[in-house]
Structure formats: structure tokens, C-alpha cells
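Each of the two blocks below gives one form of the same protein chain as C-alpha cells; they are labelled structure 1 and structure 2.
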Structure 1
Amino acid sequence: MTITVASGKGGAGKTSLAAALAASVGSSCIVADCDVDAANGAIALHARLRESGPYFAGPGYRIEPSLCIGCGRCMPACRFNAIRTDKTRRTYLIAEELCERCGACTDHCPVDAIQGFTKEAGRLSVSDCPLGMTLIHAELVPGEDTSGKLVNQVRRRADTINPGNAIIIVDAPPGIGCPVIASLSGADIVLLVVDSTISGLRDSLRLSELAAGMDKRIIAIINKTGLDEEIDNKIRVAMTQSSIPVMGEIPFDPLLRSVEEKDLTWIDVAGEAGLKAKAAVRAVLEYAQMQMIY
């Protein structure tokens, strides 16, 4: 059973909610932190590193200067204008920051001067959490972006560790791009964390359209309610109209924020917000259990 926790944008409380979910499932839970640009799953869960290995991005492409004959045929082949030359037109080179790594240029070089290479772009790690869960996470070297490939590798590692019946919780990156699609693919349930703001609603609806297009079961939790009754209502209506069951609402409460500094998650917070978080998380897990039976 894989539950992907997603929100159209960052800061909606996705990672905290994923941590609270994991804490409720307990030690058998595996958390795949795919939000690698803000990989704070390790912090939220107070994880200790068990093992770590390099992550190789690639292939990237470069022109080997000793082989390039300066014919210039590669230049028009690049749709991203990533191939540059100086005034002498004797050497050509690929501007790494513009290259989308599509490989189209390699087909046009008569002397095979354009070569693929892989490079270490970060590390993929497995960590143990004090509450017993296992966390898979990645760290990228600055400048590397979260890619579908990286997300896929984090997911695959989680699947390898899974003894068979574990609940895997995927913390998806924000947005609706390629890494998000990779986070949703193969998920049994998509849990939408809707930030109770106009932009939060808009981003969530975009994401739910994407997930619905992939035939996903979508459920939602509305976070930070109680600040503006009108917006809260708008979101409730929008969720009903999109046939997305709302598993709970978590009111805005600074207490929820403070919890991450201790060895705790949202479900340990005293007061209304904590209780509602607990109820919402329980509703999600009951929903997941129902899906497993049927």
C-alpha cells in the first residue's frame, strides 16, 4: 500500500503530515522522502543514517574537444540552444546549464565527438527513525534539480526494503512537473494537503486534475483552517464538487509548528489542533485499510 502525500505547492504542511501519518502507522512504516529540494523528512522524523550511497544523474552530454572537427552540425540539432561556439568556430561546446540532456545532438555528429557521461549528483540514503520507521531520502548537490529519475530511485529503494505488506508513505515534491508525476505513479492513494488559502486551493486543484488523469484515488486534508471562514468554505465546496473526500481539517495553531523541534509529530500536540490532526490521520489510515480489503 503506497500513500503519496502531495500538495500543489510547498509550505502546505505536507512533510509534517507525512511524518504524523508515519508515526501513527508505527515501526513497519517506510517513508520515501521525494521532496528532495526540501528534504526535511530526516529532520521531521529525527532520523539516524543507516546507509548512504552516491546517486548518479545522467547521462549528461559533453563535446570532446580533441575529437570535434568544428563542422557545426550539432548546433541546429539542439532545440534548447545549448550548443555554443566562439568566433573562430573551431570548437563547439555544450552549456551545461542549458542542456536538457535529450541526446538529440549525438545523432548529428559525424565523428562521435559528443559523449554521454554520468556524474555524482547527490546521495541516496536510508535512515532509521526513533519511532521505528525507515526513511529513504536523497540529498542533491546544489544546482542539481529533483528529477523523475531520482524520485523513481527513492521509490524503488522503498519497494526493495518493503517486506511485502508495509505501508509506504511518499512525500511528493511540490508542483505538477515530472518529479511529481513520478511520485504519483504506482501510488494506491493520493493524499492532497490543501493549504487553506486561495493559492493553496488553486494548486491543489491542478494537482488533483493531474492525479485524476492518472486514475488515482484522491483524498484530502485541509490544513490551517479557521483563519478565514470564507476560504475554508470555498475549499470544502471545491472538494465536494471534485468528489474528493475530505478526511479532516486541521486548524491553524502555532503549537503544531513548535512540535518539530522535539521528538514529536502533530499527533502528539495537545489541544484542538492536535486532536484534529490525530483524527484526520486516523481517517486516512482507515480509508487505506478499506482499500486494502476491497
Structure 2
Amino acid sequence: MTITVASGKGGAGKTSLAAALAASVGSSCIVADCDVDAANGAIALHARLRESGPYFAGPGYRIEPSLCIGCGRCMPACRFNAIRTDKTRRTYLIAEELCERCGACTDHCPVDAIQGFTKEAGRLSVSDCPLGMTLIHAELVPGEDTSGKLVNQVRRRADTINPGNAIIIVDAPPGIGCPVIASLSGADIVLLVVDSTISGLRDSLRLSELAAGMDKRIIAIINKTGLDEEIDNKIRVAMTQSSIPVMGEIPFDPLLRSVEEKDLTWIDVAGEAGLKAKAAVRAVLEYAQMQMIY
């Protein structure tokens, strides 16, 4: 059973809720942090690194200084302004953070000084969490555009180490782009975390359209309720009209943020917010259990 926790916007509480779900499941849970541009699952779950390896995105290009004759023909060929003058050597070099790896510059070099190489674009890691669950996570090198491929690697690794009876909790990146689609792939349930704001509602509805187009079962939790009752009601009505079951509502409470600084998750919070967070998490897991039965 795979539950993908997703939101249409950042800051909705997606990672915190994924951590609370994982903490409730315990050692029989595998967490896949697919937000590779800003992976915070290791922080939320207080994970300890077990192993880490390189992720290779494909070919990159560099200019070999010993071969470059300084003719400059490559510079106007680059549409991304990634080629710079190396004033020390009086040759040229490629700024990797700007290079889109199109290879156009290679066609203009008369001495074949521009050479391809396999580029490391991130790290893929496995970590252990205090409650016994395993975390698969990754970090993409800033500026790389292959986040969807790296997300796919995270998902595959989670599936590989799954003993067969584990629940996989996927923390998806925000939005509706390619990495989100890769995160939703293979999900049995999509848990939509709806931030109780107008933008949260709008972005969540866009995400629900994407998930519905992928024939996914969609459920929702409304987060940060109680700040504006009118907006809360609009979200409830929108979820009903979209036939998306709401598993619970979690009120805005600073305690929910403060516990994360103390190596705890939302299910460890006392008071009304903690009770509603526990109830919402329990409802999601009970729903998932019913889906496994039927």
C-alpha cells in the first residue's frame, strides 16, 4: 500500500503530516521523500544517514583547457550564456550551473576541445529513523532540471526495499509538475493536504484534477483551520462538490510547529490540535486498511 501525501502549494504541512503518518505506522513503514529540490523528511523524522550514493543525470560538457585554442566560436553558439572567458589561461570554460547540456557548442569547436562527461546531479540516500522506519531521500544539485528522474529513482528504491507488507508513505513535492507526476505514479491513495487559504484551495483543486486524471483515489485533510471560517467552509464545500472525502481538519496551533523542534511529530501534541491531528491520521490509516481489504 502506497499513500502519497501531496499539496498544491508549499507550506501546507505536507511533510509534517507525512512524518505523523509514518510515526503512527512505525517500523513497518517506508518513507520516500520525493521533494528532491527541498528534502526535509530527514529533519522531520530525525533520521540518521545509513548510505548515500551519486545520482547521474546524463551527459555534461566541459572545455579541456589543454585543447582549447581560444578562438571563441563556442560562445555565440550558447543560447544560455553558459560559456565564459578563462582569463587566467586565455581560453574558455563552461559554467555548469548555467549549462543546459544541449551540446550546440560542440558543433562550433574546430579542435574538439569541448568534451562530454557523465555528470553527477545529486545524491540518493537511505537513512534510519528512531521509530524504526526507513527513509529514502535525495538532493538535487541546484539548477539541475532532472528532478522527475530523481524522484523516480527514490520511488524505485523504496519499492526495492519493501518487504512486501510495508506501507510506503511518499512525501511529494508541491505543485503539479513533472516531479509531482512521478511521485503520484504507483500511489494507491493520494492524500491531499489543503492549506486553509484561497490559494491553498485553488492549488489543491488543480492538483486533484491531475490525480483524478491518473485514476487515483483521492482523500483530503484540511490544515490550519480556524483562522477564517468563511474560507474553511469554502474548502469543505469544494471537497464535497469534487467528491473528495475529508479525513479530518487540523486547526492552526503554534504547538504543532514547536513539537517539531523537539524531535516529535504532530501525533505527540497535547490539546485540541493534537487530538484532531491524531484523529485525522487514524482516519487516513483506517481508510487505507479498508482499501487493502477490498
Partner chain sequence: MKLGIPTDDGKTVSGIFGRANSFAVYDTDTAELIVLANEGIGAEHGAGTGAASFLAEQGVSKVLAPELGPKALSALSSAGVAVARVEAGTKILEVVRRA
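Numbering for residues begins at 1 and runs along the sequence of structure 1. So that the term is clear: the rigid core is the largest set of C-alpha atoms that superpose within 1.5 Å between two forms. Remember, predicted model here, so these are calculated numbers, not experimental data.
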Exercise. Any idea which of the pair is the form predicted together with the partner chain?
Worked result: 1
Problem set entry | Where one rigid part turns on another between structures 1 and 2: hinge among 166, 118, 271, 227 | 118
For this session: Quick one: report the rotation angle of the small rigid part relative to the large one between structures 1 and 2, in degrees.
Result: 32
For this session: After lining up the core, report the Cα displacement of residue 60 between structures 1 and 2 in Å, one decimal place.
Result: 4.8
